[in-house]
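This document opens with one chain alone, in structure tokens, the form predicted on its own.
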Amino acid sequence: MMRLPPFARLAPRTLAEAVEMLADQGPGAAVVAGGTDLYPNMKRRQVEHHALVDLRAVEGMRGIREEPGGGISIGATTRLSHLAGSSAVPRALAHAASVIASPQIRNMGTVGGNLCLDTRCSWYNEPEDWRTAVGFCLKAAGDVCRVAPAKSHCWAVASSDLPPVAIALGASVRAVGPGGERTFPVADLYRDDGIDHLALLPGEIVAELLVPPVDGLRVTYRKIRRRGSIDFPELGVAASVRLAPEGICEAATIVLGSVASAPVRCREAEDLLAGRPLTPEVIEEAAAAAAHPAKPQDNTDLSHVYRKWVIPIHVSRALQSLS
């Protein structure tokens, strides 16, 4: 049985207290809410934290609220099950939440936790004795990437479901830290680096997800995984289009998840759709282009060849559902 190591649990009542506690504890501390990913990682000794700042009791960080100027605000500690069952949020975002893990995990996991989910790799997400036997990787304080030994880059995969949809919706996050608060696009939250994958400033906490008004934007999300529940995505495809009355695509966003250490925008495919009708021929052309920026590695339970091959198929199906 894997047990949690000793740590101090701090329970702030306000976001300001949480920021102060996190700063006081130093770099060995982290924030937690549901803990559905963090606690297993700690049990496997993938990460070590001497203190956890528990956000569950922080006032104002849970719930879905309509904004005065339109759009919605989703608190970072809102449960995934709440988001999945909400009629106030865009359907694609609710659907993405509904296919995360299992009902039990969705009842514990949070929006902020999924947005900030640690990257994953078949060489990293293993018990400590396994990693000790085969040799540690870059993400586990080793000196080589086991996926691509010739490279000095960590290829651990961003396997969360909400970020691709949030990017396709044009959403932003509000983060609060010792230097104050700032709001920025969800896309800017991520770096293509399996180790240092979040672009948060030291001591910052994601407080809420801000989704602008949909205003006719058509959005969808498709998830490919080995089983119909529990498993992380092997591929996530989020797509949004805005169509003129005559059916011409005015703008499009296509985002791939689980093919790199950060969500991947398919800008070539987006440009191919702009100003054109979503005919089967145009969709197939854009779907083929969507695979170009994706470079999946052999670090999940399905091969990189398969994951690359299915990209145009599922991008095509996503766009067909929006046409």
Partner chain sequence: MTVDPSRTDDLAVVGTRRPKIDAMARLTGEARYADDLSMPGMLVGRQLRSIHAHARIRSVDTSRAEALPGVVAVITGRDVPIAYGVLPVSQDENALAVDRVRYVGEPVAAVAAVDEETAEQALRLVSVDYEPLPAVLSIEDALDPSGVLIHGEGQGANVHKAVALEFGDVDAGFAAADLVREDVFSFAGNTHAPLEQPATLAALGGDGRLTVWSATQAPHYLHRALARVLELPSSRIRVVAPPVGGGFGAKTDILPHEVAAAKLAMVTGRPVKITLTREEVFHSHRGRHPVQMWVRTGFTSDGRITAMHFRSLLDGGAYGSFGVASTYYTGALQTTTYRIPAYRFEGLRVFTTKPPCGPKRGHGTPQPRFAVERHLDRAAEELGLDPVELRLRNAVEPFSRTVNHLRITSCGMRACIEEVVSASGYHGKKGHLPRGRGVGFAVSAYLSGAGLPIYWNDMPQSEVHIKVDRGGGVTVFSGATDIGQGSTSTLATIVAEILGLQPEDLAMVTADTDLTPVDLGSYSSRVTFMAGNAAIDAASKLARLVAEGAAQRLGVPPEELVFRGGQVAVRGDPRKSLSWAQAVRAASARGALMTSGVYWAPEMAGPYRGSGVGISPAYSYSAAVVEVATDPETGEVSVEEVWIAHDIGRAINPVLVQGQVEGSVYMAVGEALMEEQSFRRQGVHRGPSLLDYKLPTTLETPKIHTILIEEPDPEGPFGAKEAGQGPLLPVIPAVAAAVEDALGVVVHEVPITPDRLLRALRAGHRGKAPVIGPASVPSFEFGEPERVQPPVGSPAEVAVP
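This one's a predicted model, so the numbers in the text were calculated from it and none came from an experiment. Residue numbers count along the first chain shown, from 1.
Keep in mind that the form predicted together with the partner chain is missing from the display, and what follows is about it.
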Fill in the blank from the handout: Exactly one of 218, 95, 225, 174 comes within 4.5 Å of the partner chain in the predicted complex through a heavy atom, and that residue is 225
Completion exercise
Partner contact check in the predicted complex: of 115 to 123, 84 to 92, 194 to 202, 247 to 255, the stretch with a heavy atom within 4.5 Å of the partner chain is 115 to 123
Exercise for the section: Spell out, yes or no, whether the shortest heavy atom distance between residue 15 and the partner chain in the predicted complex is within 4.5 Å. Expected result: no
Handout entry: in the predicted complex, residue 132 touching the partner chain (heavy atom, 4.5 Å)
Key = yes
Exercise for the section: May I ask you to state whether residue 23 is within 4.5 Å of the partner chain in the predicted complex, using heavy atom distances? Expected result: no
Practice task
Answer yes if any heavy atom of residue 152 is within 4.5 Å of a heavy atom of the partner chain in the predicted complex; otherwise answer no.
Solution key: no
Problem - Stretch 270 to 307 - residues with a heavy atom within 4.5 Å of the partner chain in the predicted complex - result: 301, 302, 303, 306
